[in-house]
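Read the single chain below, which is given as structure tokens and is the form predicted alone.
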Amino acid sequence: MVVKVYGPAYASPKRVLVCLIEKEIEFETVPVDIFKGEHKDPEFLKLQPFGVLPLIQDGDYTLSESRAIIRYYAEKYKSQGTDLLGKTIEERGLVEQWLEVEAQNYHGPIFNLVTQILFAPISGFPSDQKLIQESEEKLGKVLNIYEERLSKSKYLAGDFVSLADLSHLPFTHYLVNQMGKDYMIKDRKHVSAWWDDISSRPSWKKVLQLYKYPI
């Protein structure tokens, strides 16, 4: 069965798409327009009761939460495509560690920046300048830790690209491009080299070519 991915225009589903491409898994996409409230339609809520994206359907199997999805496919198809989990249990531990760092430390402030700078204005809400400033400061502190880590290894979990790296792509793309805050990446030598590397991967370029961001 071909995997169905719901909501390909948005950032978190793109985390899934880049993983599927790296793993050479066939998929099709199902548009969901958040701005029209389609994620709250009764039919969609039957599949995802919280009304959040992404969502995948793989035959009779349904799964949501982007990081759970990419872990699932990286494990299920471990011997196919790019190995995104590492070859040893120690490497796997580091992949999981940095995936958690992305989810618990990186995502919060960068998500705030995206919602306040890009989405609030088009949704008719005023941007919270204090939250923007605080979030940029928090993100800067996280990136300083990344700079130290990436001075010792090419990628976050070691010298191999992994889920931990790819998970950063969708929202950092917003930071560097639509929000014009590329200096947060480029002012850090090792973070900048890492970003240039992962954002140049053919899988990510294909995602950007096929599935445009809504903003």
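Quantities reported herein were computed from a predicted structural model and do not represent experimental measurements. When you see a residue number, it is the position in the sequence shown, counting from 1.
Absent from the display: the form predicted in complex with a further copy of the same chain. The rest refers to it.
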| Of Gln97, Gln80, Gln129, Ser123, which one comes within 4.5 Å of a further copy of the same chain in the predicted bound form, counting heavy atoms only? | Gln97
| Counting only non-hydrogen atoms, which stretch in 184-192, 142-150, 22-30, 169-177 is within 4.5 Å of a further copy of the same chain in the predicted bound form? | 142-150
| Does at least one non-hydrogen atom of Ser64 fall within 4.5 angstroms of a further copy of the same chain in the predicted bound form? | yes
| message | My question is simply whether Leu118 lines the interface with a further copy of the same chain in the predicted bound form - judged by any non-hydrogen atom within 4.5 Å. | response | no
| field | Contact flag, Phe111 vs a further copy of the same chain in the predicted bound form, heavy atom cut 4.5 Å | value | no
| Is Lys76 one of the residues lying within 4.5 Å of a further copy of the same chain in the predicted bound form, judged by heavy atom distances? | yes
| said: Could you pull out the residues of 23-50 that have any heavy atom within 4.5 Å of a further copy of the same chain in the predicted bound form? | reply: Pro49, Phe50
